[in-house]
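Just one chain follows, in the form predicted alone, and it is written as structure tokens.
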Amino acid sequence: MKRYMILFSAVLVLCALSCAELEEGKTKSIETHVQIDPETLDVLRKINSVSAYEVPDLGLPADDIYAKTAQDVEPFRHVKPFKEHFLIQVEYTGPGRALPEPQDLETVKLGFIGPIMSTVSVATGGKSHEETLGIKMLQGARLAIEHANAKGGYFKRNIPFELVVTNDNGLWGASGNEIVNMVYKDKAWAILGTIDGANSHIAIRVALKAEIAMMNSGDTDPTFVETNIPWAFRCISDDRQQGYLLVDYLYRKLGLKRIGIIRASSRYGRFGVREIKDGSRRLGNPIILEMAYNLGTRDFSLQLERLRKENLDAIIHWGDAIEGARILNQMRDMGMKQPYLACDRCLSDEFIEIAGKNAEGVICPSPWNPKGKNKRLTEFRKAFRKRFGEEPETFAAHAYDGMNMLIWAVQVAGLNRAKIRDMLAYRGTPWKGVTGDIMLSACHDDVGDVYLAKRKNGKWNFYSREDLKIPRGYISPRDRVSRPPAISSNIKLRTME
């Protein structure tokens, strides 16, 4: 009996060594096709070495500052807080990393959810209005899949990627149903989407329960990542980052004082201006007046009359391009000559077509520089024009980057949803995308550079903070408040600069 036990133990050891060698061989094979930084490779080895009953000791990435917030626009900056949130990554401690890769697959499915067909619902305020953006997002995602398949598809199995497409119809809760279908019916390994803030929040809560990574490339709501869901990621700079740049430009660069806001009465409009309002107040220039309008409004005379009476130095609009252009035209017809600043959705051909000559001088923040000198961007623009016959814009470019990040994670981790999530969460270097370097914070948000676009001589010109001579992380001359350590000594610190 003892002899059989020794023989059985030897067989187990040999099997374990063979599996380890096989896994190491696969890793080396993937490295020849996919770029893997040493830190990510170390993470991969650790998660492959644990059993179903163990949680890999990866350490938790942490930030010293949340969202690159300058001290003088931080809330409660004059006191020492007991706890600061969103600085330490939320850990996934489930058993999913031990699930084996299925063998009976003909394609590797990746999900897409976005507004691509018109609907009517209470959640969207009536008729839906984001289809033009969703279609662009779908084009970018589809192009990324096609490029990946042209390079060989999923390398470990030599099978193609397949895009599973579903419409985000805006009905309350329907986004969650679509996530369920993609996970359990279509067997997708990761999902890209969506744009509407409320729908995105619903979708990632279902993704949490279904345990599937969800990359967002179109929702700029700052609270998206403040849900502390370890499966949610975002590859586009949010309205917080864009708001910080606008605040710096208005008060530190131009020296303006009296600012008014006109915005859509939607989640996008309401949350989009939140950091502008808070930052303005904390810098001693509270917003003079904020006016809201319903989606689909054509006559803004009520809002503009009230704004005109306040003798404002500038007006900020946050909403869709159509309403933004109509507001601008009505302002100029009423003799209102204040500088007009608008959200990044107004960086569109639709805005220019409606606003006409009034678009001259308009200023918008932008999550990327579409005119940057970037080889990857040049190649992407050429490929996009060839495939779709038009120039790519923000939603297409960020969807292309987001889908490529998911494809990379699948190539490195294999067909295991928990490991795919780990690859995105623990990637140690910025993603080199067509929209620039994408560096995810501890809470999985893109904290890369944002830009300011100015309309001059019929063209958009893009400027970085360096171009505008507005330093990043501006420190107020006020006495600094000493802050407590953000993390414990056994957790890895990742600075934002």
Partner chain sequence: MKYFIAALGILTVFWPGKTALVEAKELPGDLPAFSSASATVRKLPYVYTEWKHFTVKNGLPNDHVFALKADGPKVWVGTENGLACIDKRTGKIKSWGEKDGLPWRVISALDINTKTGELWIGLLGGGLARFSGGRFDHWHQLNSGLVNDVVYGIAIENDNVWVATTAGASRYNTLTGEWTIYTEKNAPMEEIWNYGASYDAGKVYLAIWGSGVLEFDVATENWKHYLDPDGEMEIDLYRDDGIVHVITTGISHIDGILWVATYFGMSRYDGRYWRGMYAHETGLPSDFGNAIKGRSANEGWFATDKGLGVLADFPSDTWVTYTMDPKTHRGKAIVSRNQKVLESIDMPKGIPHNYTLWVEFDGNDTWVGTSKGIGWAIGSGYYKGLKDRPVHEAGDVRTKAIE
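Values in this document were obtained by computation on a predicted structure and should not be read as measured data. Residue numbers count along the first chain shown, from 1.
The form predicted together with its partner chain exists for this protein as well; it is not shown, and the discussion that follows is about that form.
- Of the residues given (118, 311, 227, 301), 227 alone sits with a heavy atom within 4.5 Å of its partner chain in the predicted complex.
- The partner is absent here; in the predicted complex, the one residue of 211, 350, 393, 72 having a heavy atom within 4.5 Å of its partner chain is 211.
- Per the 4.5 Å heavy atom criterion, its partner chain in the predicted complex is contacted by stretch 179-187, the sole one of 179-187, 395-403, 144-152, 101-109.
- For the chain shown alone, residue 90 is a contact residue for its partner chain in the predicted complex, at least one non-hydrogen atom being within 4.5 angstroms.
- Although the partner is absent here, residue 51 is a contact residue: one of its heavy atoms lies within 4.5 angstroms of its partner chain in the predicted complex.
- Not displayed here, its partner chain is kept clear of residue 317 by more than 4.5 Å at the level of heavy atoms in the predicted complex.
- Remark: residue 84 counts among the residues lining its partner chain in the predicted complex, judged by a heavy atom distance of 4.5 Å or less.
- Scanning 195-220 for heavy atoms within 4.5 Å of its partner chain in the predicted complex gives 198, 201, 202, 205, 206, 208, 209, 210, 211 in sequence order.
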